[in-house]
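In structure tokens, one chain follows: the form predicted on its own.
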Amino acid sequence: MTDLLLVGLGGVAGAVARHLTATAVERDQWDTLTVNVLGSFLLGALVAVPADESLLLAAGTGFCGAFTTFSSFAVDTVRLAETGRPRRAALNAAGTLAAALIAVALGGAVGVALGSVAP
């Protein structure tokens, strides 16, 4: 039960943070790209830092799971293709995946660095 509560609380915070971030960016697919890249960076850092399971459940599964939106990314990409913009759809797909992978690697590097200085 505690695990569900941690994931739920993290999910609520992540969903609110995604809404606020998307509202601040609010431009075509940039809002989706922004939350997916930021969430990937955060999850990469969380996984690399020596953290207890409760933190990973709340921040990783809950917060990052609700903050990122790869389903919206998929819908955006398909809509671009369906509206006659296949190049932009391909760029959105390749760009988002590349940026998310780079972000998770950078987050992991930051997490390792933070973990090495933690007491």
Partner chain sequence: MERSSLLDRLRGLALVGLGGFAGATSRHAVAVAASAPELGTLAVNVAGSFALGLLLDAARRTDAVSQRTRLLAGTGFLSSFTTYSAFAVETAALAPRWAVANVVANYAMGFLAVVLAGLVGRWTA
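Positions refer to the first chain, counted from 1. Bear in mind the structure is a predicted one, so any value in this text is a computation, not a measurement.
Quick note: we don't show the form predicted in complex with its partner chain, though the next part is all about it.
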> Is residue 93 close enough to touch its partner chain in the predicted bound form, meaning at least one heavy atom pair within 4.5 Å?
Replying inline: yes
> Is there a non-hydrogen atom of residue 30 within 4.5 angstroms of a non-hydrogen atom of its partner chain in the predicted bound form?
Replying inline: no
> Heavy atom to heavy atom, is residue 4 within 4.5 Å of its partner chain in the predicted bound form?
Replying inline: yes
>> Can you tell me if residue 57 lies within 4.5 angstroms of its partner chain in the predicted bound form, counting non-hydrogen atoms only?
In response: yes
> Along 45-79, which positions have a non-hydrogen atom within 4.5 Å of its partner chain in the predicted bound form?
Replying inline: 47, 57, 61, 62, 64, 65, 66, 68, 69, 70, 71, 72, 73, 74, 75, 77, 78, 79
